[in-house]
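So this first bit is one chain, no partners, the form predicted on its own, shown in structure tokens.
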Amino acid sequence: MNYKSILITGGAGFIGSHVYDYFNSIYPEAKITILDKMTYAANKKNIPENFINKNHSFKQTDINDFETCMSITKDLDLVLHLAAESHVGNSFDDSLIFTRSNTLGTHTLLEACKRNKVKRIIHVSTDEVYGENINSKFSETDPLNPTNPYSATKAGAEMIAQAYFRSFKLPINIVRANNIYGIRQYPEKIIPKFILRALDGLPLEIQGNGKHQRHYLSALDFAVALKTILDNFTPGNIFNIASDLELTNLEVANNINLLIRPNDTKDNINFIEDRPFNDSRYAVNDNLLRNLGWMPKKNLISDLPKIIEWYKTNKNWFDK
């Protein structure tokens, strides 16, 4: 299907901007609209092409604004829904913001999509909806068991999305991806936070004992996965998107320290108090997606030098 009109919610954020870049490259003639509330983690510098391409537009608004959602979803071929509050630590401090954005915001958008008969929708969820998995990997049919306010609001959004598919035949797919890395990621997340602290000569702070494990997926591989799903689109499908690389938080810190200050023998890691609850491990089986021909091509370890160089060159990127 050739998509002529595309909406990307959260497109000025880290992941959304990479999705925008990729879909702009593969659909150069498409009309692409970005909707973003422009909270602290969003940045217009992430999407410069959006403001010079005559076919593209930008709408700064809250996704809970139903009238705007109704207006912006008219005559759309595709909605890529990435807008969300995503920092788990923040969800322990003010979880109501997460419910309003992630759950109610998704409901608002999907109701507008239903009324305007949007042709295809991808709702971006997270592997955290499954809860922790110590010894195996979750498949798409496993029950959801979120353990923190962030993942609970994402699970709530998924329930609404699945209900809209079953009740109204809304043409929607859901994706649940691993931790995503790349340039332009706001420095509250582990990789950019560690990079910037190391560049400033500061110790890297690790919550708990550093043994928590995560899989790391490139933002570029993630964008390609969305295209693969769209090329094989069947309404109601759910796909895990996984990386083959799994690291502990301590391994991430050691790799960054090794690249930025290899000859510094000081103690460059501090272990600090863990958050109220911290899943020990997330892991998902993505055979359904790989059977469609997708595989991750990037690797965090080999990508780290370029990512570090980007943050070194763009230390003021996030200044407002």
Ligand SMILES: NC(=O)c1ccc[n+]([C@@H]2O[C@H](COP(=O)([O-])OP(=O)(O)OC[C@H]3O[C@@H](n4cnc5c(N)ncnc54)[C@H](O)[C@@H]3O)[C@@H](O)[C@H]2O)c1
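The structure presented is a predicted model; accordingly, all values stated were derived computationally and were not measured. One rule holds for the numbers: they count along the sequence shown, beginning at 1.
Just so you know, the form predicted together with the ligand exists too; it's not on screen, but the next bit is about it.
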(message) Since only the chain is shown here, I'm wondering whether Asn287 would be in contact with the ligand in the predicted bound form (any heavy atom pair within 4.5 Å).
(response) no
(request) Give a yes or no for Tyr130: in the predicted bound form, does one of its heavy atoms lie within 4.5 Å of a heavy atom belonging to the ligand? (result) no
(message) Does any part of Thr108 reach within 4.5 Å of the ligand in the predicted bound form? Heavy atoms only, please.
(response) no
(request) With heavy atoms only and a cut-off of 4.5 Å, decide whether Phe138 touches the ligand in the predicted bound form. (result) no
(message) If the cut-off is 4.5 angstroms on heavy atoms, which of these, Ile190, Ile180, Ala223, Ala112, is the one near the ligand in the predicted bound form?
(response) Ile180
(message) Considering non-hydrogen atoms and a 4.5 Å limit, which listed residue (Thr73, Asn249, Asn240, Ser86) is close to the ligand in the predicted bound form?
(response) Ser86
(message) Check for me: heavy atom within 4.5 Å of the ligand in the predicted bound form, for each of Ile6, Asp21 and Asn24, yes or no.
(response) no
(request) Look at the stretches 190-198, 163-171, 204-212, 117-125 and give the one with heavy atoms within 4.5 Å of the ligand in the predicted bound form. (result) 117-125
(request) Could you run down 3-26 and flag each residue that has a heavy atom within 4.5 Å of the ligand in the predicted bound form? (result) Gly10, Ala12, Gly13, Phe14, Ile15, Gly16
